[in-house]
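Okay, so here's just one chain, in structure tokens, the form predicted on its own.
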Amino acid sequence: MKTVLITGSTSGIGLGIAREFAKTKKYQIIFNGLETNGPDIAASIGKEFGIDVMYSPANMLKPEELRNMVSEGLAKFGKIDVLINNAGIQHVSPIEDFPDDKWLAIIGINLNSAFYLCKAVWPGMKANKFGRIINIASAHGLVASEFKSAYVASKHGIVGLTKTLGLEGAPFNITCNAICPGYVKTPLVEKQIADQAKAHNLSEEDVISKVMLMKQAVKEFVSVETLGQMALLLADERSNTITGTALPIDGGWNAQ
């Protein structure tokens, strides 16, 4: 059995990816998230698929908590083979109104936490001559949109970190790749749809077609199952020559 640590895995994209890994019954999973029922979510998936799990409420803004989560995972499972940096937040605002605290939180959660966790798991992966790091970036790690300065900056930063670690990990069979999704219909996005519909006096259908999916050639949301399957491919032992990449799963957004 291999061990995978997935941040932000008690909801949304992270939970969907965790379920895909659990279905294989080849992975023990370290869950992480701030949901109050996080331990129950982790335990229920462990029971459903018959795998060992661990839960950590480590806060992405607190480096010491992140290091402790890795230490606790190593103490329980002996190794961490796969790290998936998924936790992230978003805020939309014109630059002149963008709150300083939101900028710091977005860079801290979306980018800095990935750095701290990569650094923490690296010695073990190096010693084991095996490691797979998968960063959940965004289509906004490759292109920009208005009013998302912090988010776009953080996701471009993740892509840069991915390339650097792909190079550094190559001699040790440690790969690092970024998955760059378009819009994924999570509870967070569903709330954005409702909020934008109210703010712009549009129907939710118009928000989806005219705002969210406007830049995608394929007018569908990306499924969490698709992201999970891509993560499983990148985590595979045979994927040792796929590294330092930023892989768009965005309905053709980046083909324009």
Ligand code: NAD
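The first residue of the sequence shown is number 1, and the count goes up from there. Since this is a predicted model, take the numbers as computed values, not measurements.
Although not depicted, the form predicted together with the ligand is the subject of the following passage.
K.L.:
Look at the stretches 74-82, 121-129, 159-167, 177-185 and give the one with heavy atoms within 4.5 Å of the ligand in the model of the complex.
P.N.:
So the stretch in question is 177-185.
K.L.:
Does Ile13 make contact with the ligand in the model of the complex, using a 4.5 Å heavy atom cut-off?
P.N.:
Ile13: contacts the ligand in the model of the complex.
K.L.:
Consider Leu34 of the chain shown here, and say whether it contacts the ligand in the model of the complex, taking contact as heavy atoms within 4.5 Å.
P.N.:
Contact check for Leu34: yes, within 4.5 Å of the ligand in the model of the complex.
K.L.:
Would Met60 sit within 4.5 Å of the ligand in the model of the complex, counting heavy atoms only?
P.N.:
Yes, Met60 is a contact residue.
K.L.:
Taking heavy atoms only, is Ala144 within 4.5 angstroms of the ligand in the model of the complex?
P.N.:
Judged by the heavy-atom cut-off of 4.5 Å, Ala144 is well away from the ligand in the model of the complex.
K.L.:
Using a 4.5 Å cut-off on heavy atoms, which residues of 149-167 contact the ligand in the model of the complex?
P.N.:
The stretch 149-167, when checked against the ligand in the model of the complex, contributes Tyr151, Lys155 at the 4.5 Å heavy-atom cut-off.
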